[in-house]
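We begin with a single chain expressed as structure tokens, specifically the form predicted on its own.
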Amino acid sequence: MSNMETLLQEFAVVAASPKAQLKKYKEQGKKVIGVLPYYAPEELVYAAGMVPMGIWGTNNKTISKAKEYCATFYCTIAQLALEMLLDGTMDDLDGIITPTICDTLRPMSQNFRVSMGDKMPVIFLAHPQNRFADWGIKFTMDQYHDVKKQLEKIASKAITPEDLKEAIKVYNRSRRARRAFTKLANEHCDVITPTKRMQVLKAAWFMLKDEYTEKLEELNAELAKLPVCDWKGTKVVTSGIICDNPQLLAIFEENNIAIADDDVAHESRAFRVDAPETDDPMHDLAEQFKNLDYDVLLYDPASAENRRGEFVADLVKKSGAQGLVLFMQQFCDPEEMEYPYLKKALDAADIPHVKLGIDQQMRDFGQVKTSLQAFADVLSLRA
């Protein structure tokens, strides 16, 4: 097995088994903090000497215990995150951070707090609606300081400015490596299939960022040695909150559809923007949140201009893709309400797209398979 194959296999194992990763870190004597979606300052967890571990639901469970706390119209990401906390999957966590950036996560944060009781600390994180104004930045910093205090209590360790500066450097390096990987994946889509691409990016949520980045930079170096592939199939950009289901991504591969780039919250949106590196690291984290853009859940004062739709359309063009696949999370009001504006921008740019309704309880992919087969045919005719 080549070094590249070994690295890809290691990422695949991590992506498939967060519980095993959690156990590994606990056996090393580390404390681990679960981090729910999204835009939580993981750097604070890292600076406290603890392991941040993403909790984005799962494709491998049925919602059972969480039904006692959740409305039926909550998205499956939120429900299955709670399910894993209730059924013992994530019992080894030392605490969780729950942001409140959408209308589901806002009330769910209280469900997490009630359901966990004395089992583990639940750290509540509220983001400002207007992150641009000075008072918005101050609100963000105040929230981050509160998170910091609670993490210090769990870690029994003070988070110094030096600790946080180093954490920001580690995370910026990781973000750069992941951006480089997505570019290389586009150039070598004969090697980095949609499933492997997902596995490499998903593994980042379950590994210490310095460990992850070292392996990813090694993989990037191996990919850079290869000649750019002459891809005979079609290429798309993906958009949505999450698409980490291997069964769904296998349909892409069956139809010779490669992923040129993405606008997925679980993937590129998470590492699109670096944090500044100044002498005020807490302000740097708040500035990073301010600088985030083109996200359905983030207030955009120029939203009437359809900036996000134009951004996604431009992403398709720059990547060399022929179209866009939109993963529409069931029961996600912000994504559904934004769709007409996104469609308008794609149509104006003459970019074909297909909208796939998905959730993490999907077991039958027949309709998705038919849609993707037809879409691949449309893209081939336009090539």
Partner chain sequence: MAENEKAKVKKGPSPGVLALRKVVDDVYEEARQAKKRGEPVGWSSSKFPCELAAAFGLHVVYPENQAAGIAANRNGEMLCQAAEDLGYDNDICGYARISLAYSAGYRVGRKYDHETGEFIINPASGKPLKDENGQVVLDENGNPKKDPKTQQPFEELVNINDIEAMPEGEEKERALNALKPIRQNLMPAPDFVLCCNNICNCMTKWYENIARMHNIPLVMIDIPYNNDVDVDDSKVKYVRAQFDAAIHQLEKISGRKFDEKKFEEACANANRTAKAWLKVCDYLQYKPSPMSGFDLFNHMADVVTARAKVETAEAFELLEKDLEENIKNGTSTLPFEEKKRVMFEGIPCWPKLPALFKPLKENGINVTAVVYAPAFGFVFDGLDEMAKAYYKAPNSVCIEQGVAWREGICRDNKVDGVLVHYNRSCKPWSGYMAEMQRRFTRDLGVPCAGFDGDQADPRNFNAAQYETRVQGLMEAMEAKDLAKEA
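Residue numbers count along the first chain shown, from 1. The shown structure was predicted, so the numbers you read here are calculated from the model rather than taken from an experiment.
This protein has a second form, the form predicted together with the partner chain, left out of what is shown; the following refers to that one.
Heavy atoms of no residue among 7, 178 and 214 are located within 4.5 Å of the partner chain in the predicted bound form. Residue 103 is the only one of 103, 91, 274, 287 with a heavy atom lying within 4.5 Å of the partner chain in the predicted bound form.
A heavy atom within 4.5 Å of the partner chain in the predicted bound form is found for one listed residue only; from 346, 325, 332, 32, this is 332. Contact annotation for residue 26: none of its heavy atoms lies within 4.5 Å of the partner chain in the predicted bound form. Contact annotation for residue 240: none of its heavy atoms lies within 4.5 Å of the partner chain in the predicted bound form.
Although the partner is absent here, residue 295 sits close enough that one of its heavy atoms falls within 4.5 Å of the partner chain in the predicted bound form. Although the partner is absent from this view, residue 126 contacts the partner chain in the predicted bound form, with a non-hydrogen atom inside 4.5 angstroms. Considering the partner chain in the predicted bound form, the lone stretch of 103-111, 226-234, 247-255, 188-196 in range is 103-111 [heavy atom distance within 4.5 Å]. Shown without its partner, the chain has 337, 338, 339, 340, 341 in segment 337-352 as residues with a non-hydrogen atom within 4.5 angstroms of the partner chain in the predicted bound form.
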